[in-house]
Every structure is written in structure tokens, then in C-alpha cells.
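The chain below stands alone and is given as C-alpha cells, in the form predicted alone.
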Amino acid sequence: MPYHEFEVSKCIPERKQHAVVKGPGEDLTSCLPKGYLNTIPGSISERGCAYCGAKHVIGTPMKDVIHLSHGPVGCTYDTWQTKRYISDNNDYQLKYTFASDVKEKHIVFGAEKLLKQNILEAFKAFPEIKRMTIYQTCATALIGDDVDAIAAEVKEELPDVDIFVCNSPGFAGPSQSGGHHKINIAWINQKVGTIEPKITGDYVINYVGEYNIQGDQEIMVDFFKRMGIQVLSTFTGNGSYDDLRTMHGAHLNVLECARSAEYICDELRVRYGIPRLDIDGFGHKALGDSLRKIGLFFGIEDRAEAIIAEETAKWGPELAWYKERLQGKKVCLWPGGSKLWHWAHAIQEEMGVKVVSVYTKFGHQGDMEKGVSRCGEGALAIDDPNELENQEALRNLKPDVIFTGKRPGEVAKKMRVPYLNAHAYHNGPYKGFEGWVRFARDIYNAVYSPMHQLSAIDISKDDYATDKGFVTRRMLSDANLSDEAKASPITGYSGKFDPIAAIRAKTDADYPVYPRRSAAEAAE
């Protein structure tokens, strides 16, 4: 197996088995790093904890909820506002976060009274919000605070409120992925089936594993509505607490991010017989295939085809414009989990770039398998890398751009490599046909940024030209193109800065009205 040993990690020999270089003709039997294991002592991991995976990734995107962390304030602060989980209720869950602010004295004497006081104060401060999630942290789990008992007491005193308790302290798994599992199972055990759904259509889905980063969920729900599909709930981006209690009433679970939410889909299938359908909202082909699959499931393929034809006709030429200018640009695809394989093939096929490295911080072995299989010869695949390994990889691979999170991205910028935020996006949404063109636009802007190119020059020692005038991205990107390509009437992305406002302005009258199926047809 072609293991790759980083020079900086030779003092941690176990790290060698966590990185591979894909050689000629190699498949997954000979080119797969170890993955989803406990971080090796001495390696400064970039992983988050299980509490972060539960609260920050899955819990926080619920929009009409008081999100309270029972623990030190630092846990809460670290999981607040670092992702753009927007919502159509004025971004309540982004503006406000809550902590019981446990101190040393509470560790000694217990923090249950403090927790109850905080719960009551939070409901009093926001009387319009009647739902709460409470997240256990390491400190309060270790001292044995009974969060469930305190929640039950409050619900007796305030009968109009409902509280969900997620016991997912930071040590509950090797990474944030452990927290994903905890909150998935806790939600279906505690809340699913406690409210009966209101069914208004013939085709009803739960949209699962979608977190509405800069409006992704609203883009996709718009497609579903155009197909005449009722979205009963979204787990959890822009999702309503009470809607998510009705998940048992859907006909189909449409799953986007399998890494974070496949667990609840599998449980809904076992307990309620609801089938699971995995889709992908990134990339014109992948999204088109996903809409077709949903249409095929419900027998409404024609509706899906109409949307695909309209959207690709509108946005396909602009995507091709960017592909011509991004051809062969080297990319390090370093996200957290499932984007490793959601993006790897799509950006290469539809944008012309070359993925020279993939990594995952909390992905499982299956995520790495799919990611590696979609990369070409010579790609470097890394599991749970540390910062020094990242830096060594950047120096050796010399990518044109890196897609990663904010922390490693800022380090990349200091090394004169432009980065795009793979977790929260730069100028999203990136899902949808238009969103994919926005993503290509952001890649183009990063790769051909005159400022980034100047930043690579150290004027204290490097030679630099003094006779060059004003330079634009277009001058840089079109320098070696044909005259025909330069003369194209397309100049890049033509959409609006904010595509979400128009979707939110839509009413039911703006969507097609399809005839309802008869009882006999529905029973077939």
C-alpha cells in the first residue's frame, strides 16, 4: 500500500498509515488510509468534539429554538456563529446562543440548580420561543448532572414549553461524528411521533441532512415545491422543532449529508417503514440525477425533467464559461466529511479543475473510500491531518486554491494559497444549478485574484516587475484563450447577489397546482 509519510510527522510513526498517494491503476484495495480512529497522541488534530457535532452541526440550525449548552461558556462560544445557518425567522438561532456558564464552584457542588435557573431565565427573556434544546458538555457529564430530570421539572412548571435533551459530551466519540449519531438517535427516541403531521399533498418527504448554509435548503425546497412535493420537515437547517416531531408521517426520506444524518433515516425506515433516498445537490449532473430519482420514486419524472431542462439551459453556458478558464487548476479538497466525495468528481468534470489532494477530519472509512475513488492518479488522501502536515502538503503540491474550513484556510492564506470556505461558503448558496455557478465564480475569483498573486511576492528579496499597469482577473484568465473564447458574450455569473430573497417572496400562487390523486390512485 502506498502510504505517505510526512517529514513533520516522522516522530509519530502511527501517522504514516493515515495518508496515501493514489498510484497508477490502484483501487480501494490498495489505496486507502486508515480513518475514523481516535486521534493519535502528539498529533494536534483539527477535529471538533462530539458536543460540537451535536450542537453546532445538527442542533443549532433548528430555527425556532433556544439552544442552551450546560457547561463552561467557552463550549458555547466555540460553537456559535461560525457557520452561516440562516433561517427565515430573522436568523434567531444565529443571533442568540445560551450557556449555563458553569464555574469551578459548580463542578465541586453541582450545577443542576444553575441549569434550572438558566432555563427559566431564557424562556422569560424570549417568551415567544417555546422550544429548547439542552446540550450536555464534558464538565457537567463528568459530575453527573441529571439534565433530563431538570428538563422534566421545568416542563411541569411551564406546560406550554417543550425541551429536548441531547447527552453528547465532547468525549462521546473520536470526533464530531460521534455527536451526529448521538443527536440523531436522541431526537427519534424523544421527539419523533409526538405530534401528528398535517398532510397537504400526495408526495411528502423529509429533507434530511441539510443545514441551510447561506440558503442551500431554501434553494432545494423550491425545487421540491415546483415538483408538487410537500416537505414535511427539514433535519435540521431552517427546520422547525415541531415539524421535526412529525417526521414519522413522510412517504420518503430524502438524504443529503449521509455522514451526519443517515442514522435517523435508517431508524425511520426500521421503526416507521419510510424508505431512504440519497441525493446530491452539488453539481448540475448530480442534482439533475437526484431530482430524477425523486421524480421516479413518486412517478412524476416529467416534472423533474422540466425543471432540469429549464435550469441547465439558463445556467449551463455560464458554468461552461468558467470551466474553460479553470481547466487544469490544482485544488486541495479538504472539507470535514461528505463534501470530500460530493465535490471531488463534480468539480473535476464540470469545472475542469484537478483535485490533487483530499482529506477528511471526521469522515468515516466509507467517506474516504468514495473520495479516493473519485480522484485521479497522484492524489494525496489524508485522514485527520494536523496543521504541520497541511503545511507540508501545501508546499509540496502547490495548489492554485484550497477548499477547507476557516482555521486551516487562514493558515493557507499566510502561505499565499487562496482558500474558499468549504463549510460555510464564501458567497453561497452553492447548491442548485445557479449555486454551482456561484461556486465556480468564487473559485475563479480566488484563482485569478491579482491581489493574491501580488501577495506571493516578498518585496524585501524577490524580483518584481515595475513596468506593469492595472491587471484584472479577466486579463489573467483569458491570456491564453482563443479569440473565439475571448469574444464570448458571456462574462461570468449573471445572477443576483442574494438569490434567497426572491424565493422567500414567493407565495403558494407562484408554484404549479397539480391535480390531487384519487384515493384509489394513492392506494396503489
Partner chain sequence: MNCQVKVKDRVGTINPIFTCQPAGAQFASIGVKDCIGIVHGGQGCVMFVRLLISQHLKESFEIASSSVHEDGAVFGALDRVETAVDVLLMRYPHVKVVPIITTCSTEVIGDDVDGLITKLEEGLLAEKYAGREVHLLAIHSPSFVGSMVSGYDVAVRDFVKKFAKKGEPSEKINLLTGWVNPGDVKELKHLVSELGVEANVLFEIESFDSPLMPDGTAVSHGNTTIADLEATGSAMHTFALNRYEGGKAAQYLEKKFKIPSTIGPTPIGIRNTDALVKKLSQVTGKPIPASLVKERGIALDAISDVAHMFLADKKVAIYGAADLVIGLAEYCLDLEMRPQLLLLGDDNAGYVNDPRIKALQDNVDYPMEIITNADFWELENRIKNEGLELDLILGHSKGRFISIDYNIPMVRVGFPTYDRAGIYRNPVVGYGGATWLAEQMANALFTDMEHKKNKEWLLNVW
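This one's a predicted model, so the numbers in the text were calculated from it and none came from an experiment. Positions refer to the first chain, counted from 1.
Keep in mind that the form predicted in complex with the partner chain is missing from the display, and what follows is about it.
Heavy atoms within 4.5 Å of the partner chain in the predicted bound form are found in one stretch of 152-160, 208-216, 387-395, 316-324, which is 387-395. When the partner chain is considered in the predicted bound form, only one residue from Thr79, Thr404, Ser233, Asn238 comes within 4.5 Å through any heavy atom, namely Thr79. Between the partner chain and the residues Ile490, Ile40, Leu481, Val471, the one pair within 4.5 Å by heavy atoms in the predicted bound form involves Ile40.
For the three marked residues, Phe98, Asp101 and Leu142, a heavy atom of each sits within 4.5 Å of the partner chain in the predicted bound form. Under a 4.5 angstroms non-hydrogen atom cutoff, the partner chain in the predicted bound form has Val411 among its neighbouring residues.
Proximity of Gly428 to the partner chain in the predicted bound form: non-hydrogen atoms within 4.5 Å are absent; the residue sits far from the partner. Pro450 falls outside the set of residues with a heavy atom inside 4.5 Å of the partner chain in the predicted bound form. Taking the partner from the other structure, the partner chain in the predicted bound form has a heavy atom within 4.5 Å of a heavy atom of Ser175. Counting a residue when any of its non-hydrogen atoms is within 4.5 Å of the partner chain in the predicted bound form, the hits in 114-130 run Leu114, Gln117, Asn118, Glu121, Ala125, Phe126.
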